[in-house]
Ligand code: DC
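Here we start with a single chain on its own, the form predicted on its own, put down as structure tokens.
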Amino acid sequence: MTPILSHFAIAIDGPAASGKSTLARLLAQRLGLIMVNSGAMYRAITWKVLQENVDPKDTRRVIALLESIEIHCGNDGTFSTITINGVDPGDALRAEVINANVSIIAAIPEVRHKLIDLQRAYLEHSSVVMEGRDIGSVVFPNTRYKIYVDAAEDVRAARRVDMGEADSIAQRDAADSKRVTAPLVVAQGAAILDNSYLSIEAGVTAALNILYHQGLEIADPMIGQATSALPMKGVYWFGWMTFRAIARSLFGVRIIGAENLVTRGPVLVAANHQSYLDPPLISTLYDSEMFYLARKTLFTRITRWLYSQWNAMPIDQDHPDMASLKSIIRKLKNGHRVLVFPEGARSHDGELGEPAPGIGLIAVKSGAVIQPIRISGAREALPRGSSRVRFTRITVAIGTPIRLTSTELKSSHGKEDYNRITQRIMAAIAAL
């Protein structure tokens, strides 16, 4: 039975060499939590079994040994630690003989029950990021925060070779997935993260976004507090709810790359522009308010109040002035989320147009994370120059966030530098 405690667990499960250990370690560092490697516990038991010259397949003798040894699980303030009879196995846990036998030991129910109790005990002292193969399904089935990290078999096999561990991925997968006790499965409620070709940083970003979607309330110190999560004003909320229902029921909106969506901290959302549907459509991706840029001619005496309630910010598309750009930068520096269309105007033919360098300037001066998004189908649904809505399928593709390096932020000063960054943003949109 999972204990009811004030601390919580982030469960990171997945097959061998999927990258879950690296991901869990970096997530724990970013969030200030203890990282627990449950696999090291099974390796430690395997190490002790082999040290005592016990055949791992002799279940009776393994259980007898388990009952006679003292296992201590703790942490060093950052990572989990384990000793058996006061001895830390250290690097011996990565030996090939351990790799060859750990799945046999892990399949013994008595071993799993013993270690599951020790794993759950971590929550008596702190919140943790725990990685393994049954963390979300068995150890902490009630946690809200579950990620299943996967990768293609050939990619995982290559990673094992790079680590100097040439055990069979196929055999490990079969052993872990087919065992009777706590087999490797995608836990109920877990988000699947394909880590085949993501960089380490992109994997961490994707995992953080998943966790924030699942309700995690710890701020990432590299992004900041969730100051962009404005409580929705009544008019904004009504429009948001209405269009969200329309987007799903009438346009059948399909979201690609939802794991890339940055939902915390200041975000400069950069999207192509096909239709008047674009701003409300993008707003439905988020569960809190955002700010928009809108053509200043839309702000008439009648509509000014309504647009202000929807957080629209007027801008002269033909002659954008520094006052408008500074207001955007201020919003971002204050931790808000701002949507801009680099092309300025809606597309006539659905193709990407030439961007203005202003978004590069905004990106540099604000230092915000840049979220590329590409919309397809909105032009067919509501073409430029038409007032007739056609209920066609709309797709929203969300790209990997762009974070400018400290060097780029410090050395970018002129129009040429801003234009180079603008082109980089447009290239990211075009690639979606």
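Given the structure is predicted, the values throughout are model-derived calculations rather than measurements. Numbering starts at 1 and follows the sequence shown.
Keep in mind that the form predicted together with this ligand is missing from the display, and what follows is about it.
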Quiz item: Exactly one stretch in 106-114, 254-262, 186-194, 287-295 has heavy atoms within 4.5 Å of this ligand in the model of the complex; which is it?
Solution: 106-114
Self-check item: Non-hydrogen atom contact K331 with this ligand in the model of the complex at 4.5 angstroms
Solution: no
Self-check item: Contact test in the model of the complex: I135 vs this ligand, heavy atoms, 4.5 Å
Solution: yes
Quiz item: Do R43 and this ligand come within 4.5 Å of each other in the model of the complex, heavy atoms counted?
Solution: yes
Exercise. Indicate whether H348 is a 4.5 Å heavy atom neighbour of this ligand in the model of the complex.
Key: no
Self-check item: Proximity to this ligand in the model of the complex, single hit among R172, K233, R244, R120 (heavy atom within 4.5 Å)
Solution: R172
Exercise. Please pick, from G39, P56, G367, P383, the one residue with any non-hydrogen atom lying within 4.5 angstroms of this ligand in the model of the complex.
Key: G39
